[in-house]
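Here you get one chain, nothing else, as structure tokens; it is the form predicted on its own.
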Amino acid sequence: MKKITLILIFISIHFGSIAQGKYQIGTLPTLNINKKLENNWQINFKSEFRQLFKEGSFGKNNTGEYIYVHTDAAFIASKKVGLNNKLAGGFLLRFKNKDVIKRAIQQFTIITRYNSFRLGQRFASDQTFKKNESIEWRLRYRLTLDFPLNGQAIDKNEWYLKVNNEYLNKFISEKYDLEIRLTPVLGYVFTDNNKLEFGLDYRLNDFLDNPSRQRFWLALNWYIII
């Protein structure tokens, strides 16, 4: 019962009206490679491949068209501070058409472990640099819940459920936008160093002053520790 209650808390966010606004449907496969180092340091490489299969407006006849949106390559270094906290920083390169977009990243993560589930909080900021455009500043907060579907711990050869709920505050010049993300995924642990997740990555923005934009990505996340 406690697990169900926590899931409902994550899902209870403002989705906006499904019958209005614009939408996008696509896939978002991600490769995530981690390497543990000495003195509680860790490096992470993450590559994301975004593909769009359909977009349009709700309530209208829209046709699907395949578009390869972009490829991301992110490099993050983190250090464990305290028992369950991490400080991290790095950069991201986004390859879109012939442009390369650059982003600086700063993060602080708190992990709290309970008897049968784990709760994570991530406070982050980033700055995106595009050619001939103002810097985009973002402040982010993400809450993550994960727990095993069998037993008290997530062990190898077992399934688990993870739910992310994130809020992104975007600032470009004098413009402000809020993006809300909800990502429920199922995961399977093959080994201690290899796991796979799949589910829905839902994103909602442009709902403060404009018709909303809703994006539905099929998420496929592969995590490797080397």
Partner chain sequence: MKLLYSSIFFLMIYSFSNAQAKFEKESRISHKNVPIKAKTFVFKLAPSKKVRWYKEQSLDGESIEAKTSYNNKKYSIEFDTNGKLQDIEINTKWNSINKNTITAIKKNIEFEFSKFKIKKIQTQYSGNKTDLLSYFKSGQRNNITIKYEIVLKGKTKKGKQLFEMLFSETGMLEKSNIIIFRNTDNIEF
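Numbering follows the first chain given and starts at 1. Keep in mind that this is a model prediction, so the values were computed, not measured.
What comes next is about the form predicted in complex with the partner chain, which does not appear here.
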Inset, instruction - Using heavy atoms only and a 4.5 Å cut-off, decide whether all three of Q51, T128 and E133 touch the partner chain in the predicted bound form. - result: no
Inset, instruction - Check whether L168 has any heavy atom within 4.5 Å of a heavy atom of the partner chain in the predicted bound form, and answer yes or no. - result: no
Inset, instruction - Evaluate A219 for contact with the partner chain in the predicted bound form, applying a 4.5 angstroms cut-off between non-hydrogen atoms, and reply yes or no. - result: no
Legend entry - Non-hydrogen atom contact R138 with the partner chain in the predicted bound form at 4.5 angstroms: no
Legend entry - E65: touches the partner chain in the predicted bound form, heavy atom cutoff 4.5 angstroms: no
Inset, instruction - Using the arrangement in the predicted bound form, list in sequence order the residues of 131-150 with any heavy atom within 4.5 angstroms of the partner chain. - result: R142, T144, D146, N150
